[in-house]
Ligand code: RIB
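In the block that follows, a single chain appears as structure tokens, in the form predicted on its own.
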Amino acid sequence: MKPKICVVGSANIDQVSYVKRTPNDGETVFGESYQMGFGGKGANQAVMAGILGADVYIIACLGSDVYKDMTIENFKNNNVITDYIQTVEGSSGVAPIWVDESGQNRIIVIPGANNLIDSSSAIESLEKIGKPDVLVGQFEIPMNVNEQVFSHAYKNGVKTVLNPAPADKPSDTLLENTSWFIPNEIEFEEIYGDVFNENNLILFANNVETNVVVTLGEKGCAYIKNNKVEIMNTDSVKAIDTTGAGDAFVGAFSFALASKFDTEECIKLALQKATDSVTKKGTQSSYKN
């Protein structure tokens, strides 16, 4: 049987400008190119898992604008089941993105309909879907929605994966119902309140019940094994666009977790897919071979 994954989270339209360098305050620069694509952390993670072959269900909220049908069609093209998408009047989420010549990005997320996702409907959808192997969430939807959906899933024996991005401190309730907590090192520092290092990672991990993996960009990722920090490196590549790399990691990790891979195998696949994604332009478009 295929692994069964449910993602509750955001869906955005990415509006990507590629520039040699990003402008300073009050400055105008010419860009190299522009493209529009599909994004949102929830959508990205769902698409990555769908491309890998899981049965993926997305619980998200879209607006009544032209982006709604485009987004649903894109999900279907990437093996993501759209039966439980909510819709509201108004704008879908959008994300203007700047990418400089080093591949680094700056992103402004305008949530739109993502802020209006209904937690009761989300839980009803989860019950109709049936027990997934893994539930995935992020912070581009209201915190209380994650809390309620994660609590429902965790208490019913579902493994839960939380990607705390954009960085925000999770509530105790949310952490208590999280199986795997996956920030990047900047998010870790903002949430933990101190610099990322091995000692602080161990201290943090010892104060929560969840498993912790911290992604480190081109340096790979850090995780805890036998109360020690292990670093798994990744291949060195020329980065063209890092947008969505963290979501590629989470989506691939969730696929591997739902497929009953061990921890090292989950991380290895996640690093492979995230690293490959930075060698291509775009977000979800960079996930395909």
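Residue positions are given as counts along the sequence shown, with the first one as 1. Note that the structure is predicted; figures quoted are calculated from it, not measured.
Omitted from view is the form predicted in complex with the named molecule, to which the following refers.
Chemist: Can you check whether residue 107 is within 4.5 Å of the named molecule in the model of the complex, heavy atom basis?
Modeler: Residue-level check for residue 107: yes, a contact with the named molecule.
Chemist: Using the partner position in the model of the complex, report whether residue 97 sits within 4.5 Å of the named molecule, counting heavy atoms only.
Modeler: Yes.
Chemist: Is the gap between residue 12 and the named molecule in the model of the complex 4.5 Å or less for some heavy atom pair?
Modeler: Because a heavy atom of residue 12 falls inside 4.5 Å of the named molecule in the model of the complex, the answer is yes.
Chemist: Want to guess which of 221 to 229, 243 to 251, 49 to 57, 27 to 35 is within 4.5 Å of the named molecule in the model of the complex, heavy atoms only?
Modeler: This holds for exactly one stretch, 243 to 251.
Chemist: For a quick check, can you give me the residues of 32 to 57 that have a heavy atom within 4.5 Å of the named molecule in the model of the complex?
Modeler: Counting only heavy atoms within 4.5 Å of the named molecule in the model of the complex, the contacting residues of 32 to 57 are 39, 40, 41, 44.
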